[in-house]
Ligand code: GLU
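Only one chain is included here, represented as structure tokens and corresponding to the form predicted on its own.
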Amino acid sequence: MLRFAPSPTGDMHIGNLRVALCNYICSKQRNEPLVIRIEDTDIERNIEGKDHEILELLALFNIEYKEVIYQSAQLKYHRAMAIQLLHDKKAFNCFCTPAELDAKREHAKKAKKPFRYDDTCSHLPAEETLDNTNPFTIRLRRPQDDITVVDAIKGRITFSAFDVDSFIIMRQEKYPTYNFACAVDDMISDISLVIRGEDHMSNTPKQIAVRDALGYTKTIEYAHLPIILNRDGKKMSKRDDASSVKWLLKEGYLPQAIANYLILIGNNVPKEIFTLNEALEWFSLSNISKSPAKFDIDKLKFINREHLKALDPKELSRYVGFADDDIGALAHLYLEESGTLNELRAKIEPIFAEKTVPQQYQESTNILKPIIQNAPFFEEYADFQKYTMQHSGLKGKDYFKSLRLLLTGAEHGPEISDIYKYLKNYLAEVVK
């Protein structure tokens, strides 16, 4: 079993989508189910409706899964496991107040040492920990041995027991912390492989420590994907528009192109343009670079253009707001100068809109417009051109510029002869 575990606390980040795609591919390759776990235990940060938005995006990207699990529904298991750890003396109640812990952090900072809990409460008498009515958290006892993680991308990494620390597993409100809930849920779901971002690498030894303390012996494999950097070489954050999957979709990038790019970056792949189904044939975690991947919007636009070119005319026509093969074929002509659907629509929409003509061509377009409107139907552009040129008396730039402006609303673009064969049935709508 594999899992994708997003939090409903904001828009889906491209890094999260990359994690979802890799989990989906590996689940298919291993013939193991994929579950979606909505990690909603941080109640104060949850945003209503974001869970449904996540599922809608997964559907848009054709990421299939077995079921959806809400972490909050697992609370009874988290609490039961915490009680079990207390009973086995592998965890302890901690009565240190926030003020006391802040003072210890400040002391460590002044000493230029990393703060680690000093186990003040780890040896309190049993009667004091049971009868005390003061607020308390529950901490897992620090592991005695170092913990080694064998990562499919990063390789073998060892964490010292000191760094794992005696960390909190249940808050004062008796809600689990992230690492405890995550570890317990992975056990319950019988997860075999965890694929996630490398920002979770420091969480992994803590989750292993939880499972070890609970006597869970199954080995879970790990793969931590390198972070994605922006153009400045810094980690992409919410301040970067392109970090949001919703923003990319609104800008006119196709889901299949976004998926293509996120699988491509930082990866050794056999070809540059591919579909998700094609990636199932050759994708391997071992081919992903250990180094961060840099996000390049221009590269994404190139990939998006290639996927737009691969659409059949009817489908492309629908994307630009029509339902006709001719308009789809016309749109294909503009793909050399358009990399997104928004850019493409900006080329097609003016063709069917009221035309704004520069002053220098207003006289010639006024002459040409009624001739086009009243011209008989011509199958070939050559015959149409001959007719309109003769009846208007226009020549050279006055004719050709005026004709282009009346047909497309722009001074530049594909050859008029290419455009005409797709617009000849729409001249009454175009020239008005």
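Since this is a predicted model, take the numbers as computed values, not measurements. In case it trips you up, residue 1 is the first one in the sequence shown, and so on.
Below, we refer to the form predicted together with the ligand, which is not included among the displayed structures.
- Checking 266 to 274, 79 to 87, 156 to 164, 176 to 184 against the ligand in the predicted bound form, the stretch whose residues place heavy atoms within 4.5 Å of it is 176 to 184.
- Note on the partner interface in the predicted bound form: the residue among K206, R139, R196, K347 having a heavy atom within 4.5 angstroms of the ligand is R196.
- Think of it this way: in the predicted bound form, the ligand has a heavy atom of just one of D51, D398, E32, E39 within 4.5 Å, and the residue is E39.
- Mapping the unseen interface onto this chain, R171 falls outside it, with no heavy atom inside 4.5 Å of the ligand in the predicted bound form.
- Proximity of A5 to the ligand in the predicted bound form: non-hydrogen atoms within 4.5 Å are present.
- Among heavy atoms of K301, none comes within 4.5 Å of the ligand in the predicted bound form.
- Among residues of the shown chain, K314 is not one whose heavy atoms approach the ligand to within 4.5 Å in the predicted bound form.
- Shown here without the ligand, the chain has only H200 in 197 to 222 lying with a heavy atom within 4.5 Å of that partner in the predicted bound form.
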